[in-house]
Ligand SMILES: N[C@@H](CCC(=O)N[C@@H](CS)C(=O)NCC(=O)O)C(=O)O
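What follows is one chain in structure tokens, specifically the form predicted on its own.
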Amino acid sequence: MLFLHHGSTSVCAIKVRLALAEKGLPWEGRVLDLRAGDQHRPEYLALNPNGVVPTLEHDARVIIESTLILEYLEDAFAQPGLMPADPWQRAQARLWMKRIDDTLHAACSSITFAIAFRRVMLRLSPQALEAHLARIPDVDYRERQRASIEHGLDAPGVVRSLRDYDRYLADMDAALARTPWLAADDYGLADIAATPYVNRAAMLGLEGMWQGQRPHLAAWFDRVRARPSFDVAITRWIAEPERDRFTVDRATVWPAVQRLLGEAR
């Protein structure tokens, strides 16, 4: 049996739900309340010492880290295959996923807190906010989150995060000019891994990063959203509290981001 510990809007959890949907795999799961700190409770840390989602249990065997979970599902459930047959294309797929782990995920976190979650977190008392931050074991992640909450788009590092995001999207557009999907002619793990991050940018009001300037990426995102797995793995999990957390002033956010990107170039 597959059992997934996940978060409703977590980009890493979405990756795994997309793969499960594309492979047609039945699974059970538990949604952790990340705002309440479920991921830091001792019983969860016994499964995942990093205190993050997702965590997959397969017949009592535990797999952590979303990219590794994607690879595990591909190895354990070969059909339908989500990796190219060609070795070079497989390497390209892994490179797209590695770049997410190396830079894009941290950038996504900083930008999300600076634009959306900051508004919610600032409703907390100073003591409650500090308690929330103190539960984060990764010091770098904790301080990035603190800076984004305190300073928003003016936080140190946010411009670099926007630049990293913009570069990844630009490279996606260039690759998609050559093939319909990121690593090959067929939809696969590279596309699954990238989908939550492009969707997160859209939720934050940053569609201007591709609309009107990156047509191949825009067409790719349209195709991704048309797949049944998008509704199953993403749309159905967005309840009213999540909609509130992602309510942003789009008329203000995009011009500010556009200005910061222009200054960074």
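One rule holds for the numbers: they count along the sequence shown, beginning at 1. Owing to the predicted nature of the structure, the values given are computational and were not obtained by experimental measurement.
In what follows, reference is made to the form predicted in complex with this ligand, a form of this protein that is not presented.
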This ligand: the contacting residue among L34, V224, I234, A218 in the model of the complex [heavy atom, 4.5 Å]: L34
Using a 4.5 Å cut on heavy atoms, which of Y72, Y187, Y141, W96 is close to this ligand in the model of the complex? Y141
Test of understanding: in the model of the complex, would H105 fall inside 4.5 Å of this ligand by heavy atoms? yes
Find out whether any non-hydrogen atom of M209 is located within 4.5 angstroms of this ligand in the model of the complex, and reply yes or no. no
Contact between V253 and this ligand in the model of the complex at 4.5 Å, heavy atoms? no
Please check if G29 has a heavy atom lying within 4.5 Å of any heavy atom of this ligand in the model of the complex. no
Can we say V53, S66 and I136 each have a non-hydrogen atom within 4.5 Å of this ligand in the model of the complex? yes
Of these, 141 to 149, 82 to 90, 154 to 162, 187 to 195, which stretch puts a heavy atom within 4.5 angstroms of this ligand in the model of the complex? 141 to 149
Does any residue in 85 to 100 get within 4.5 Å of this ligand in the model of the complex, counting heavy atoms only, and if so which ones? none
